[in-house]
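Take a look at this one chain, the form predicted on its own, written out in structure tokens.
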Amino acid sequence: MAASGVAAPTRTEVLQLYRSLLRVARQFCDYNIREYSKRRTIDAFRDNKNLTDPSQLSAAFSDGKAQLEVAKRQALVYSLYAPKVKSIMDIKPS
């Protein structure tokens, strides 16, 4: 435990959060939203990779967990109102 009384998340917990956010991003039906979620996750983790202060790490981790919950809810809502026609980006060439 750190001197400030805030336990920093472990590497395993951080990687689990990262994978979970990317998994949720794959659930979006819309190509643009799916890619935006993926890009935002990658960029946020890249921006925070050099954090060393346990309180900042905990704050970033808590924010990431909150974003995961929001993304899960949004993926559910978007799946309820999914477009009937696939995006041109989702169509695989044969």
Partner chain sequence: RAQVAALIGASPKEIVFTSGATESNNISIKGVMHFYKDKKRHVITTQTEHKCVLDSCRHLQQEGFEVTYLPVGSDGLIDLDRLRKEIRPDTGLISVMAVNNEIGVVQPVEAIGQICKEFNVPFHTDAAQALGKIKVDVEKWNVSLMSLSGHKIYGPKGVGALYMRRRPRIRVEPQMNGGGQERGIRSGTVPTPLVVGMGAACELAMKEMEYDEKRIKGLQERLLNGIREKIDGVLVNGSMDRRYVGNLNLSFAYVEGESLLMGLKEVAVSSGSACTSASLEPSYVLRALGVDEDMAHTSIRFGIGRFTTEEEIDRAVELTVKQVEKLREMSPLYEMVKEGIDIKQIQWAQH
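Residue numbers count along the first chain shown, from 1. What you are looking at is a predicted structure, and each value in this text was computed from that prediction instead of being measured.
Form predicted together with the partner chain: not shown, discussed below.
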Between I33, L51, L68, A59, only one gets a heavy atom within 4.5 angstroms of the partner chain in the model of the complex; which residue is that?
I33
Close approach of R26 to the partner chain in the model of the complex, 4.5 Å, heavy atom:
no
Would A7 count as a contact of the partner chain in the model of the complex, using a 4.5 angstroms cut-off between non-hydrogen atoms?
no
So which bits of 43-58 sit within 4.5 Å of the partner chain in the model of the complex, heavy atoms only?
D43
